[in-house]
Every structure is written in C-alpha cells, then in structure tokens.
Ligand code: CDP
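Okay, here we've got a single chain as structure tokens, the form predicted on its own, with questions on binding and movement later.
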C-alpha cells in the first residue's frame, strides 16, 4: 500500500444504528462513489467487555464510562436478545479518508450535529441522560450511530485493536507485520508459552501478526512488560470467541 498517499481509518457501525435500521444508509454514504475511498476489511463483532474497555480507555473513570461500555456492547439496545448484540467494524482506505469520514459522520453530539450538519450521519442519533441510583442526572450518553478515528495515531491503535492482519488483504495493510515464532496462551491476565488448563490460545508459529503486538508479547516473556499493556493485544483474539455475558 502506498502509505504516503493513502490513509486508513476505523469505522464502527454501532448497535443503535443496527437497531434503527440505518445500516444501509451509512454504508451507502461510505461508498466509493461518494468518497473516492474503499473498504479494506469488515467484520461483525460481538463486543466483549475487554474490547470495549480498551477501545474507550481514554474515558476510564468518567461518569459516563460504564454507560458507554454497555452501549458499545449492545446491552442498551438489546437488553434481552443477547444474540443481536453486535457492531460492524470496518477498515476504510483512501486519500484524506480520516477527514472525509469524520466530516460525513458529523459532530459527536447528535443534537449539535442536527444544528450544524443536518445531513450528516450523526444527525440521526440522540442524546440519552445518565442517572445515578438516586435518579440524579450525572452525564449524557451519545447514541451517535458511528465511530470514526480522529487522527492517524488513533486510527492505528483502533485498527490494530479490532483487526488482526489476516482480516485485511496483504496489499491493504498499512502497518508492519511479523511472523510469530512461538506459542502464546492467555489466562486470567497472564501470558504462557505452553498450554495451561483453561487457558486460551492466542498465537502459534507461522501466524502473521502486527509487529507492535509481538513486541508487547515478547516484553512479557522477558519479564519486562511493555507499558502499553497486554489487554489491548489479547482483546482482539477474544473477538467472537465466547458470548458476552
């Protein structure tokens, strides 16, 4: 891929968009005809808590954090039908695609989107008040239909969080990859190179992975953990492996 000319961004079509049947409209807005950009990868994801926490790590500790996790995990819009809880994750590729998709999505707050950009995607969303146990309004949740990466750094972090290299055609991969040379298993926050009872298989020799992921895993092998942490690597390998509670 000509990384000097093309950009990538992560787009998430969120549970409220699916529940309100605006998926077709959003996909049509993202078409190559409208944007000059193209789909590089797509998958349907049952969002587990670990993935949700890593995606919204910057909001950890804020009043709306738990409500935000429930929202992206589909618990808000599908409280009973667990099998319907899903997000459509897309890697989108093209010249100036970050700006193009952010403009198309519109302001984060749907109320502001309707005032400033009435034709944008998020103008179809809504703002939901968050109440504490006593019924006091403590913050708001933005049900804004889509997520789009804000900048190059966020795009790389988010794409690597939601996708492994095998999800993306080789000529459309924007970030360095490397071939794994050992086995990795995960159990309760710990990494192993041999199988432990009830551990989960992550990687094996010959698997192509993001180089930055292998750097993190190798740092745990050497007892010198990378500051970026293990969870953001593990989260993607648990996608669709187990049903979310």
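Predicted model, so just to flag it, every value in this text is computed and none were measured. Positions refer to the first chain, counted from 1.
One more form of this protein exists, namely the form predicted in complex with the named molecule; it is left out here, but the text below deals with it.
Candidate site formed by 58, 68 and 122: every one of these residues places a non-hydrogen atom within 4.5 angstroms of the named molecule in the predicted bound form. None of 96, 115, 132, 139 but one reaches within 4.5 angstroms of the named molecule in the predicted bound form through a heavy atom, and that residue is 139.
When the named molecule is considered in the predicted bound form, only one residue from 111, 102, 86, 75 comes within 4.5 Å through any heavy atom, namely 102. Interface membership of residue 14, defined by any non-hydrogen atom within 4.5 Å of the named molecule in the predicted bound form, is confirmed. Proximity of residue 64 to the named molecule in the predicted bound form falls within the 4.5 Å heavy atom cutoff.
Only one segment in the set 75-83, 88-96, 164-172, 141-149 has residues whose heavy atoms sit within 4.5 Å of the named molecule in the predicted bound form; it is 141-149.
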